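This document starts with one chain, in the form predicted on its own, laid out as structure tokens.
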Amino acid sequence: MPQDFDLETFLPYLLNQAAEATSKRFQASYKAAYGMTRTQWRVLANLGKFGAMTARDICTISHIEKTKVSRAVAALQADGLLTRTPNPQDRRAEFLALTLQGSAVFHDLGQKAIEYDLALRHSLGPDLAQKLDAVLRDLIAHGGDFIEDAD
């Protein structure tokens, strides 16, 4: 007997809702301090963590649409937070890198992110935070591989 679909019990939906709920408070922090959008923060954070890379690399790593990354890159460049350098092997691509000012912003927001993460983990409690961390890492590592046949 088929069941009626309930979006609110659909695990991918719940994961998305949890991500949105836990990111919103931190989003207020970087928006207030630097006027950044979520995509701008994610581009800045990836460049801060991994160093110079192309916009395509950022899209791949962070699962963000190309047009959103392009807009974020343009805004970050206009604010003096990143530079673009032509790729000598592929003239269609540019290497993006943080400026000194961009690195300082990344460091500042990185400290705020650490504080936010610690507060979130504290509110969950150490056992639940550790279990949740492990489950999320498993989902990321295996994705849909847990499912034998979705059809």
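Start at 1 and count along the sequence shown; that's the residue number. Because the structure is a prediction, the values reported are computed rather than measured.
The same protein also exists as the form predicted in complex with the DNA; that form is not shown, yet it is the one meant from here on.
A.B. asks: Contact between Ala93 and the DNA in the predicted bound form at 4.5 Å, heavy atoms?
C.D. replies: Ala93: yes, in contact with the DNA in the predicted bound form.
A.B. asks: Under a 4.5 Å heavy atom criterion, is Ala55 part of the interface with the DNA in the predicted bound form?
C.D. replies: So Ala55 counts as contacting the DNA.
A.B. asks: Just checking whether Thr83 would be counted as a contact of the DNA in the predicted bound form - the rule being heavy atoms within 4.5 angstroms.
C.D. replies: Although the DNA is absent here, Thr83 would stay clear of it in the predicted bound form, with no heavy atoms inside 4.5 Å.
A.B. asks: Any of the heavy atoms of Thr99 lying within 4.5 Å of the DNA in the predicted bound form?
C.D. replies: Residue-level check for Thr99: no, no contact with the DNA.
A.B. asks: Only one of 106-114, 84-92, 44-52, 121-129 has heavy atoms within 4.5 Å of the DNA in the predicted bound form; I'd like to know which.
C.D. replies: Contact criterion met by 84-92 only.
A.B. asks: Who in 67-82 is close to the DNA in the predicted bound form, meaning a heavy atom within 4.5 Å?
C.D. replies: Going through 67-82 in order - heavy atoms within 4.5 Å of the DNA in the predicted bound form - the hits are Thr67, Lys68, Ser70, Arg71.
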